[in-house]
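One chain is shown next in structure tokens, namely the form predicted on its own.
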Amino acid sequence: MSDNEKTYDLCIVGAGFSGLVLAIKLARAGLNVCLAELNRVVGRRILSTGNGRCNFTNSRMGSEYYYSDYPLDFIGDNHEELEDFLRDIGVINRALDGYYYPITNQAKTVREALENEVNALGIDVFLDNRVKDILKGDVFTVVTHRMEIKAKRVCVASGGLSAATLGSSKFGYKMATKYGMTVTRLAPALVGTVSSDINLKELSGVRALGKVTYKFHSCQGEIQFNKDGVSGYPVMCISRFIGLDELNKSLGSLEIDFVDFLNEEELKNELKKRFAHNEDATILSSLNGIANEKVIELIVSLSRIYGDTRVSKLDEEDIDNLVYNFKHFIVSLKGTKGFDNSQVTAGGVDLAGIDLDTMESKSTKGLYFIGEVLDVDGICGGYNLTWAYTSAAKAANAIIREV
């Protein structure tokens, strides 16, 4: 399909969450907008968010939940605005400890609601169109492998490098460079890690609560162990730093605290109390309930104690070893599971080249960047979709004011 004779107010490259939000807001204001999308369906990546449940925002919101090479003081709390936007297009939500999901518990609910609104507004959507270039003359020309689209303005909402099977692309970074902007280092984020640590064989399949630390970065939650790596909420939240160190060939190790609810002195007193309660008990039975069963077995083994040892036989050094290994379990790393297995890209178009009130390129009037393509990534918990919405809303408000 070709629409060369029409000149749009805005052409949006990418019909993901941020692109769809922007298109809807502008079309409601009466602007003539279109979307050019690589995939054959809009919002395809939305289906994979929140493990298919689409955790789209969080009541705990602010710049402290995001990372960038640029100061993020401009990020505030607009989670209620996002809730209202989705509710207006038919997405009823539910909150679980501050995490917001569609009440259906299905990401497809959000994707289909956005698609339905785009259709209701009569927005032109050019699917299965791989954008190859953006040319600037009197107006912009968006060149795809099928057609050329004329527009007074262009917004790049093409995402990052994560999840190649869902349509990730380097396009946005190439366009930023072409128009005089810089791109920071790129690494997979919200991704599991890879390890050949021999101890993982003993923990394969285990889900255990604890605190994970990588160098100066820590997070608490449920840790998931596999024979070839470690993942789970706390690992994914700090994985961007592992990915960046992998680029620099400066990988460190993970340190896991399996008893993070007690400090070392408190844990030592807890163990002594348990051992004194029944001196004839075996160490494994005496430690029951302090951590996952397989974790206890491995910690006891690493402390060079047999599992059937009577606690009356333990000395001060044995207790110190147990405390240390519970609180400082080390997992060596080979890196992350890469972009294809990551949920978001760390790094992106440098915010120094963006007007953060309008999301417009400082170097090129009429060229905008929103969403994951920018150097902003959040931890797990709905923060990245909230950023997608926030950046789209900023661009929409600015364009509507200008028009």
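Model, not experiment: these values are computed from the prediction. Throughout, we count residues from 1 along the sequence that is shown.
Separately, the form predicted in complex with a small molecule exists; it is not shown, and the next lines address it.
Among 140, 329, 85, 171, which has at least one heavy atom within 4.5 Å of the small molecule in the predicted bound form? None of the others qualify; the residue that does is 171.
Position in contact with the small molecule when the complex is considered in the predicted bound form, options 90, 167, 252, 221, heavy atoms within 4.5 Å: When the small molecule is considered in the predicted bound form, the option within 4.5 Å is 167.
Would you please decide whether residue 384 lies within 4.5 angstroms of the small molecule in the predicted bound form, comparing each non-hydrogen atom pair? Residue-level check for residue 384: yes, a contact with the small molecule.
Partner contact for residue 159 in the predicted bound form: the small molecule, 4.5 angstroms, heavy atom: Because a heavy atom of residue 159 falls inside 4.5 Å of the small molecule in the predicted bound form, the answer is yes.
Would residue 37 count as touching the small molecule in the predicted bound form under a 4.5 Å heavy atom rule? Residue 37: yes, in contact with the small molecule in the predicted bound form.
Is the gap between residue 50 and the small molecule in the predicted bound form 4.5 Å or less for some heavy atom pair? Yes - in the predicted bound form, heavy atoms of residue 50 and the small molecule come within 4.5 Å of each other.
Option from 23-31, 349-357, 42-50, 330-338 whose residues, in the predicted bound form, bring a heavy atom within 4.5 Å of the small molecule: Going through the listed ranges, the match is 42-50.
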